[in-house]
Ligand code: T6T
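Below you'll find only one chain, the form predicted alone, shown as structure tokens.
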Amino acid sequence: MKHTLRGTVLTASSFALTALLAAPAMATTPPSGSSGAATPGTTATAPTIAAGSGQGKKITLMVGVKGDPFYVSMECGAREAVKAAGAELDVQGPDKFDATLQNPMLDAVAASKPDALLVAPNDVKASAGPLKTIQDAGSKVVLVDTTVDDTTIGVSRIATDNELGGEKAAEALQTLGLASGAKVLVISTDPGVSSVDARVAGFNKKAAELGYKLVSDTQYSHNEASTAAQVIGAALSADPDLAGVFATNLFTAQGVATGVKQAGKSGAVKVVGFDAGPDQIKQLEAGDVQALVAQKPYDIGYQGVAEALAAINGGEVIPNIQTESIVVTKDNMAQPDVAKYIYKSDCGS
């Protein structure tokens, strides 16, 4: 897996479960107090956001769904960046991760004509139309976390290296003791969401290399914890030999942990979740989840504002930025270099 750092090619290496993964493979990282650090062997500096560089500029952040600690953490990074720049930030988001709910909100953003829009699109295809309208009207569009298939949309695309994250989830199951031949299952949100689709692809690739047996095609929770609990409950009834589960996002992981616990198989069935919200950390502490792949949403929000301001002010813009992730376990979660990646429930925490 390769990452580009202003013309320098970096190779991401494989780390053990309890090791801290390399920090974002991006040209710049947020300031001290955020979750970024330079990739070992490279030189990285914080984005230069000059005081007043955003004065009078209006930026909208359209998150994927309101209340998700991942997006709250992203908002915190964005707020820190606009504070430094003197810009205004308006944060919006649908109540569910659903393009039919988000698209009307994007239409309203088009009418308000902000200087820039940071957006986590809800669908790779359905979100493209409203975003193109906003971009064609002159607003600078920065895609954060998720993307759309239309590559003409977005001056910059900033997201976790999700395929690598999926690979790390499979490796985590191996470190947790699953041997070659073990039966595993992937439960995701919905097809057509760029971030989780990439996680599934990465997991399936690495799982095959490790000799794991997928008991079925990817199952879907529709981003509902209650549905994820039902899906894993049914899977365990159908195949009692199921040994490991990869849940591709926060709400799905919450539901899978609950369903495994309800089936009386906590610990026996290894659960690796994606994201590290407060509720997931509680499940990790309780032993209902054995590992979490945590992203760095604060970095994504901060960098998103930095790239938006660069575009607005005619500066250099980095078209594609991939951030890495860390694996959080009960054993390493209290370590300062790991704990700072646990997601926030509000920007004051």
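These numbers were taken from a predicted model, which means no experiment stands behind them. Residue numbers run from 1 along the displayed sequence.
Same protein, other form: the form predicted in complex with the ligand, not shown, and the subject of what follows.
Student: Using a 4.5 Å heavy atom cut-off, which stretch among 173-181, 225-233, 150-158, 248-256 contacts the ligand in the predicted complex?
Tutor: Comparing against the ligand in the predicted complex, the contact stretch is 248-256.
Student: Of 218, 103, 146, 135, which one comes within 4.5 Å of the ligand in the predicted complex, counting heavy atoms only?
Tutor: Result of the distance check: 146.
Student: Are any of the heavy atoms in residue 275 no more than 4.5 Å from a heavy atom of the ligand in the predicted complex?
Tutor: Looking in the predicted complex, residue contacts with the ligand include residue 275, since a heavy atom lies within 4.5 Å.
Student: Contact with the ligand in the predicted complex for residue 68, defined as at least one heavy atom pair within 4.5 Å: yes or no?
Tutor: Judged by the heavy-atom cut-off of 4.5 Å, residue 68 is in contact with the ligand in the predicted complex.
Student: May I ask you to check whether residue 295 falls inside a 4.5 Å heavy atom distance of the ligand in the predicted complex?
Tutor: So residue 295 counts as contacting the ligand.
Student: Applying a 4.5 Å heavy atom distance criterion, does residue 139 contact the ligand in the predicted complex?
Tutor: Residue 139 lies outside the contact set for the ligand.
Student: At 4.5 Å, heavy atom to heavy atom, what parts of 194-208 sit next to the ligand in the predicted complex? List them in sequence order, or say none.
Tutor: Heavy-atom contacts to the ligand in the predicted complex: 195, 199.
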